[in-house]
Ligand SMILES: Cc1cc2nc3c(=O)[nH]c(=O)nc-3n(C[C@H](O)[C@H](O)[C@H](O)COP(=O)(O)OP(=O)(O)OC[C@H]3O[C@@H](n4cnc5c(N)ncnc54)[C@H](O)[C@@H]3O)c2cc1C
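This document opens with one chain alone, in structure tokens, the form predicted alone.
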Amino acid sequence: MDFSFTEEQELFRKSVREFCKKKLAPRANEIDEKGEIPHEVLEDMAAFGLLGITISEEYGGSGADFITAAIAAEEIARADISMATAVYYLVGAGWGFLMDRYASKAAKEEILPDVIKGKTFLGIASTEAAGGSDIVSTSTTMEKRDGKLILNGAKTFISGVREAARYGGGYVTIVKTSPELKHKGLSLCYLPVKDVQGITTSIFKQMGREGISTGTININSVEIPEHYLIGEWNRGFYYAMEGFNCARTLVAAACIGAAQKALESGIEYIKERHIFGAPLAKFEGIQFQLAEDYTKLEAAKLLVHKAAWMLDRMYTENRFSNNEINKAVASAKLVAPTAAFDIIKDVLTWYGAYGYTREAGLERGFRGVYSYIIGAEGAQNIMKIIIGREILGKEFTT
């Protein structure tokens, strides 16, 4: 067993950290306060090769594996612990990879190069008001008519709605195409947003991740080209599950990046902050919390890196079953956000009153990471359901 990164991966981490320290970290406060990622930051990320990093070289991407993509997610979240920039990065990397695998060549040639260049946004539209993580209950429909695909419905709590409407781009969208077939009657398509007849959007005011919008997309008799179908008709459920495994791994990686930055800041602070004539780091109560937080973070890292490694082995060597991948990814997604939230909360508490200020910067991570506990890319209880199902067998699911 070898738990080390390759020399190439270590060099990549170093270069991404230096890039983020120079280009992203100085803008982190601005991103949260102004509620948007400056477009020049996205252009810089694109020029560095971060956007659409997993998309193949044929369309301008790097064709990076998921270990490499996870490293980038960690470093981006480390520089902007609000998770806003990490979200922009990881939905493009996760769902761009899925499009690269299953979309038509015409769609890939049309859509993916601009995503990689940072000109347009690419995300996932699965959640509905009554469905949440239950995508089988999707009510958005799609039918074929006169050489077009016609969509009707609505998606909500979708990341990047304002960005897609402003700059262009769209979503890998889950739709119902054969209702009588239940999960076998879902399909995937690419749904553009900007200046599309029948599309209206609205934006929620969020408690965190202010730099990237979350909103609703209303879809009223929207026509899209047939080549925007992703993969085969009625196979969307299986593609979506694959895409979620990719995206959830990167979500978990981003969480450990934010937690690592918070913990390092906390360690520096408790060494320097004195109370009752001694540094905070000398108090056993602080040391015990630090020991627990360090261990939580190390455990989360191992789960995340294992999930990314298994994805890579599955794609390159045809190793591991869907059962094994599902368990590994859901375990990483279950542990990493909660560990990150607990770590950031503890460090914020060590900071005392200063931790409660925006100047300390920790509250951005506290608010942002929580989004991955309550829902984004699947709530924690959904991860438990997946793990339980894969351990016990599908006959024990409700």
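Just count from 1 along the sequence shown to find any residue number. Every value quoted in this text rests on a predicted model; they were computed, and no experiment measured them.
Keep in mind the form predicted in complex with the ligand is missing from the figure; the text below concerns it.
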Requested in this report: Classify residue 113 as contacting or not contacting the ligand in the model of the complex by the rule of any non-hydrogen atom within 4.5 angstroms, answering yes or no.
Outcome: no
Query raised in the report: Using heavy atoms and a 4.5 Å limit, would one call residue 381 a contact residue for the ligand in the model of the complex?
Result: yes
Query raised in the report: Would residue 159 sit within 4.5 Å of the ligand in the model of the complex, counting heavy atoms only?
Result: yes
Query raised in the report: Using heavy atoms and a 4.5 Å limit, would one call residue 209 a contact residue for the ligand in the model of the complex?
Result: yes
Report summary line: the ligand in the model of the complex has a heavy atom of only one listed residue within 4.5 Å, and of 126, 82, 245, 187 that residue is 126
Query raised in the report: What is the one choice in 225, 198, 168, 131 with a heavy atom within 4.5 Å of the ligand in the model of the complex?
Result: 131
**Report entry** Segment assignment from 284 to 292, 143 to 151, 201 to 209, 265 to 273: heavy atom within 4.5 Å of the ligand in the model of the complex
**Finding:** 201 to 209
Requested in this report: At a 4.5 angstroms cut-off on non-hydrogen atoms, which residues of 344 to 379 are near the ligand in the model of the complex? List them in order.
Outcome: 371, 374, 375, 376, 377, 378, 379
